[in-house]
Structures are given as structure tokens and as C-alpha cells.
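Here you get one chain, nothing else, as C-alpha cells; it is the form predicted on its own.
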Amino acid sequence: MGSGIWVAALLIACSFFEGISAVEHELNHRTERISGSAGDVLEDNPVGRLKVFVYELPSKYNKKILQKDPRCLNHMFAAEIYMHRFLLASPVRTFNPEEADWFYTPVYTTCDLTPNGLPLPFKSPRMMRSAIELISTSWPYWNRTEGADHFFIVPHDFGACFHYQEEKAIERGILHLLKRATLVQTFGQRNHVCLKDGSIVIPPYAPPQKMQAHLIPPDTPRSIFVYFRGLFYDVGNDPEGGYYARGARASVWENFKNNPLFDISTEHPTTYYEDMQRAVFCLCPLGWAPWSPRLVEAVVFGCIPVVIADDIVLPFADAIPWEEIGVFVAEEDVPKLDTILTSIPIEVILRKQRLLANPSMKQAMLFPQPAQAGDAFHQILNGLARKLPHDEKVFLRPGQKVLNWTAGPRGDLKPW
């Protein structure tokens, strides 16, 4: 592109930042509450609205796996561990299964990690199947509904399809024994075999204490227009570059690597969190899966998330007004990203920033230790409470069976 285009881009940026600066001091001291039912839902208190029975499983399903590899505590799939810990001490926990509304099976299916820290999901179906066999033979509650009043945390790339490659995840489908259960998962995409009706979509885990340690003064000017750090190509797994992120990340790089409005790179600096707090827009493109921790980081740091993932289902969508706080760009429109973002009126940007400044919005995306009112733990419980009471039809007649225990790939039927 000619230098004239970049000069024009810089003029646009200067004009934009001057407009932002004129009202930024006002924004620093203002937030905006989410209007309507979404704001009420976000602030719901689940205590007193449901009771959860936590199965006590042998430690080989959870604690011993974590002892073997403590890295599991810090990766993006760690919600399964922290939700277990939260429920053990939660006031919604009941030790009397006869009064329980929900049953929870603590299985750490993402804690088998490669040397690079990526989860290997290949044993997960056998592990989950083994746990279900155990609870179905040791307690009577699974068999009453074949799991319809049970929930499971499945934070894999493609949830209970248990594979990191989409084509193979689709081929596998959701583990058959979980077909009647409620799945709590990070993966969300409309009309996809790995997201079934009634699932609760949650944010991936991002370490709250680490982010807290990198906060900068709230009146710091946002001098970066568009920010992104991450892969554009996954050469090791997708040498031709057309499959990873469905080509969307590659398109970002090829179209905007030299655009002065875009601060994008594969480098991950030590100032990553601080940089996000200096940016107006943070790109949140799909990778191998539609979701990533960038969404959490953008919300926490008040950077308007630019979601590039067609048909994505976002976390707690009944409580968080994503359309109001974010910008959605179709994957095919990535080449027009600069025009789309520079065309957004300043007053619209300021309102999104005011909503993002609302503490309840940030809290809902985090799994803090210890838990705090309105956090992601509580949003999960709110989602479960809203499903009550269970329909009488989910309770089976004595001896009635719905699930096929021999369905699925032959390898899943091997003992774990």
C-alpha cells in the first residue's frame, strides 16, 4: 500500500485519540450498570436456590492427577479444578444426596499435559466413563435419571467431544454417557455437535492474582488503537496456513502487519497485560477453537473485545451483554477490520468502556481464590439454579434405560 494510506490512517488515529482524551477524564470515574434483566441476572445470588451433592471419588480421578502435574492449576482449562475446590466449601453443598438438586462428579479430564503444557484428551473419554460407571454402581442417583440431574465441567477445546482438532471432535461427538447431563464448558458455537442444548458456556481460566499484579492507574491514556499478541500461523500443525483459525488470523497479519493503527505481533512481551490496558480494542480471534483467554483479559482490562469467530456462543450470555460491550466482525470481513473499527462513533466506544468498567462485569469472568460474590463460580450456580425444577420426565421408571453404554469409538470402551 502507498504511504498516503498510512498517513490518512495516522490522521484518523490522531483525531480519534483527541476525541477520546476530551472525555476520558470523565470516564475514569464513571461506570454504567447493565440495564434490564441481564443486570439482574449478573447480580443474582445462587445461595438458597439450589443444593449440590459432590461425589467423593477416589483421588486417582482428581487430586493424584494434579499432584503429578501442578501446571494444571495455571492453564486455561483449570476451571474444573477450581470449581471442585469451590463446591467443597460452598454453602450450596449438601451432604444429604436425598435433598440435592444437582450432583457433581469431580473428574480432572484436562490434566494430562504435554511437555509444552497442552492437554492430551485421548484418555479423557475412558476416564470420564470410568467415573460414571463408579457413581452408577456405588450410588442410586445416576440411575434415576441417567445423568439428567448431574453436571460435569468439561473445559476441553471442544468440550465433551474430547479432541483438540475440530474435524475429529465432530467425528467423535459428545461422549454418549454425557448426552443427558448438563455440561459446563468453555466451548460454545451455534449449530455445532460439540455444544448441546442446555449447556452452560463459561470463560476459560485466567489467573486473577497475576492480572491483579499488573494493573496500572485507571487514568492511563489508551494510546494503542488495536492490540493483539499471539500466533497468526500454526506451522507445526497447519503448514499451509488455511485451516488454523479458518484463515482469520493469517488474514489479520497479511492485511495489517504494517498498519500503524495495529499493534500486532507474535512476540509476547512482559508488558502484555499493561499494553492491553493502554489499548482501545483487543482482537479476540478464534484459534483451533472459537474461544481463548484473551476474551477474559480484554474484559478485565477494559479493552473492547473484537470477537472474530463466526457463530461463537460467549460465556454467560444471558447475564453479560456481549453485543453492547464488544465488537463482532465476521471472519470474511477481516480485511475490512480497519474501516470497521475506525467507523465506530466515539460515543459508542465510550459507552462500551463504561460498561466494561463495571466491576460486576469483570468479576463474572474470573475464578478468584477465595471465591467472591458474583464471580464465575456463582454465575455457574446461577445457571444451574435457573434450570430448576427438573422436569418430571427426566426421572426414569425403575429398570428403564435410555443411554447405550457400548456406543462410541471402540477405544473409549477400554478400561481406564
Partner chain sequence: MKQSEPQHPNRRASNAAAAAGAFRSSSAVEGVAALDGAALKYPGFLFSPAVHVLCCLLSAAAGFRFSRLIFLLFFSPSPPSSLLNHYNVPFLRQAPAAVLPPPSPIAPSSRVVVGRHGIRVRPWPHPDPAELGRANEILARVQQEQRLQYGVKDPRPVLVVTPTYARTFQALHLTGLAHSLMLVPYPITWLVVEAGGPSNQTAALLARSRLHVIHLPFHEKMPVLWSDRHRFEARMRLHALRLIREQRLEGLVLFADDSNVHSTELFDEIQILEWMGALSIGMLSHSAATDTEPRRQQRETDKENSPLPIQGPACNSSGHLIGWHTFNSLPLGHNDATFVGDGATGLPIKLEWAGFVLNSRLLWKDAEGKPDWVRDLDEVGIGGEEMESPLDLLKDASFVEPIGDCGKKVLLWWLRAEARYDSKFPTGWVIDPSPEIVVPAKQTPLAQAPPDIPIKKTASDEVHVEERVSKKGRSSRSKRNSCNKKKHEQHAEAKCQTS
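Numbering follows the first chain given and starts at 1. This is a predicted model, so every value here is computed, not measured.
The protein also exists as the form predicted in complex with the partner chain; that form is not presented, and the subsequent description refers to it.
Determine which one of 101-109, 140-148, 220-228, 198-206 lies within 4.5 Å of the partner chain in the predicted complex, judging by heavy atom distances; exactly one does.
Partner-contacting stretch among the options: 220-228.
Does each of Gly242, Ile344 and Ile349 have at least one heavy atom within 4.5 Å of the partner chain in the predicted complex?
Yes: Gly242, Ile344 and Ile349 each sit within 4.5 Å of the partner chain in the predicted complex.
Of these, Gln363, Gln353, Gln379, Asn62, which has a heavy atom no more than 4.5 Å from the partner chain in the predicted complex?
It is Gln353 that has a heavy atom within 4.5 Å of the partner.
Just one of Trp322, Tyr164, Tyr273, Phe328 has a heavy atom within 4.5 angstroms of the partner chain in the predicted complex, so which one?
Answer to the contact question: Tyr164.
Quick one: is Gly247 in contact with the partner chain in the predicted complex, heavy atoms, 4.5 Å cut-off?
Output for Gly247 is yes: heavy atoms within 4.5 Å of the partner chain.
Would Asn191 count as a contact of the partner chain in the predicted complex, using a 4.5 angstroms cut-off between non-hydrogen atoms?
It does: once the partner chain is placed as it appears in the predicted complex, Asn191 has a heavy atom within 4.5 Å of it.
Applying a 4.5 Å heavy atom distance criterion, does Ala79 contact the partner chain in the predicted complex?
Taking the distances in the predicted complex, the answer for Ala79 is no, it never comes within 4.5 Å of the partner chain.
Does any heavy atom of Ala317 come within 4.5 Å of a heavy atom of the partner chain in the predicted complex?
The answer is no: Ala317 has no heavy atom within 4.5 Å of the partner chain.
Who in 312-335 is close to the partner chain in the predicted complex, meaning a heavy atom within 4.5 Å?
Residues within 4.5 Å: Glu331, Glu332, Pro335.
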